[in-house]
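Just one chain follows, in the form predicted on its own, and it is written as C-alpha cells.
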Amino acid sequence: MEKTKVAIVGMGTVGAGVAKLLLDHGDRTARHAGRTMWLERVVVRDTKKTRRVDLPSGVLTDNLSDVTSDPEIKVVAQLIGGLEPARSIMLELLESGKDVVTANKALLAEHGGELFDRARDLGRSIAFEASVAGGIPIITSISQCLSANAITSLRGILNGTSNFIVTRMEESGAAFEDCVREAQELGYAEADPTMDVDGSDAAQKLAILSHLAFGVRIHWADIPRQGINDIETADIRYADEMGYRMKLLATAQLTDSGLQMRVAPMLIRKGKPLAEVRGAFNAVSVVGDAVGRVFFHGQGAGQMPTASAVVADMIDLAVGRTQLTFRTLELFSQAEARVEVCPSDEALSRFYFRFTVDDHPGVLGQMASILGGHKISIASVIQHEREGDAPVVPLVVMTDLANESAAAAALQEINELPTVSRGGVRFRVTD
C-alpha cells in the first residue's frame, strides 16, 4: 500500500492521542486514507521526558529541521498551544512545503489571515477541524456539508470547562469558586481558568465559526462577552424556578440590521436541546435557510475526541480533499465581507434582572417606572418573603423584548436607587 509520511510537532495530551491513533490503529486510518499514514517524526522540546505513548525508535527529535528538511514528510500536525512559537513554527512548516493541521484556535483567531494568506501563496493547505468543539465535526459541516445553505444563525456551548462549572453549580448548589476548583482537580480547567470563565475562549471559537458561516471578519476581542464569574447560585436557583437553565452561549444571528454576535450567560428554557447539554460537553445549533435547524453535540475537548479530529484532517490532507476545498473556500482571505456586524447596543433580547432591595412598600413601583421609562415591559416578577430579620429581599424581574442599550441604562439607574442595597445583575433570556 502507498505510504504517506507524517509528523507531529508537540507531544502534549492531544499529540499523544494523535500518535496512539496513528500507531495503534493504522489499519483503520489506512482504510479511510487508501494509504498507510506513516508516523515519521515527533518533535518535542525535551526528548528525555516520559511520554504517554510508546513511540518507535528514532521517531522522537528535538530538532524541527528533521521535519522541515525531509521532503518525504507531507503532512504535519502542529499541536503547540499559544501564539508563539506556534505562529513561527506554522510559517516555517508551510515554507518548507508541508500541509499543516492545527488544533490551536487562539492562533487562528489572532493570526488566521496571515497564516492562510501565506499558505495560499505557497500552494499549501491548513486544516483546523479540532480548533473548535474538539471531536464535533462543526468546521467541515459549516464550510462544506451545509454549503447549499445561507446560514441564518448559530448558537453554541463552545467551552466545556464553563459548562461543567455551571452544571455543577446547578447540581450541587456549590459556589462558583468551589466548582472552579473541582474543575481544576478533574483536569477540565487550567491553573489559571480566566480564558474559559470570562468568555474569551468561546469568543475565539465564535470568531472562527462566524467567519465560516457568514464571511464576517471580526477580531475575537471585539465580540461582546460576559463570563460565568458573574453567575451566583441564586441566579441558577431562580432560573430553575422559572423553568430555565443558565448556559454560557456563543451566538451569531443574522438580523435586518446586520449580524448580532455575543458570548454571555443566558437563560435557556428547559427541554430545549442546548439547555440539556451537561458537564464538559459542547453543542452547536445551526440554522440554514434550506436545511432548517441542525444540532451537533459531543465532547468538545479531551485527548481522544480532539485527536480524532486531528487525524481526520491528516487523512483529508493525505488524500488531497482538503487541498481542493482550501483553494475554493478562501478562508480568512481579505475578500469583501458578506455581512456587516450589527452594533451590540442595538440587539434585542428578553432579560433577567436580580436585585437585593429594601423590604419597603413602593420599591417595585419605582423599578417598574424606570423600566417603563426605557420602554421595557415586565413579563413576570418573583419576590420571596424575607428570611429571618433580614431587612432586604431578593427581587427578580423577567422582561419582554428590549433593546440592549436600554436594558443596560435601566440597570444602572435602578442600581442608583437608595432602596437597592447591592448592585443588580442582568442576563439575557432565550426561549
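Here, rigid core means the biggest group of C-alpha atoms that superpose within 1.5 Å across both forms. Just so it is clear, the structure is predicted and the values come from calculations on it, not from any experiment. We number the residues from 1 along the sequence you see.
Just so it is clear, the following notes concern the form predicted in complex with ligand HSE, a form of the same protein that is not shown.
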| task | With ligand HSE left out here, work out from 215-223, 260-268, 189-197, 314-322 which stretch has heavy atoms within 4.5 Å of it in the predicted complex. | result | 189-197
| request: Have a look at 146, 179, 301, 115 for me and say which one sits with a heavy atom within 4.5 Å of ligand HSE in the predicted complex. | output: 301
| said: When the contact criterion is heavy atoms within 4.5 Å, does residue 99 count as touching ligand HSE in the predicted complex? | reply: no
| said: in the predicted complex, does residue 158 come within 4.5 Å of ligand HSE, counting heavy atoms only? | reply: yes
| Any of the heavy atoms of residue 247 lying within 4.5 Å of ligand HSE in the predicted complex? | no
| said: Under the 4.5 Å heavy atom criterion, name the residues of 200-231 that approach ligand HSE in the predicted complex, in sequence order. | reply: 201, 205
| request: Once the core is aligned, please say if the CA of residue 148 is shifted by at least 2 angstroms between this form and the one not shown. | output: no
| request: Classify residue 112 as shifted (yes) or not shifted (no) between this form and the one not shown, where shifted means its C-alpha moves by 2 Å or more with the rigid core superposed. | output: no
| query | By the 2 angstroms cut-off, has the C-alpha of residue 190 moved between this form and the one not shown once the rigid core is superposed? | reply | yes
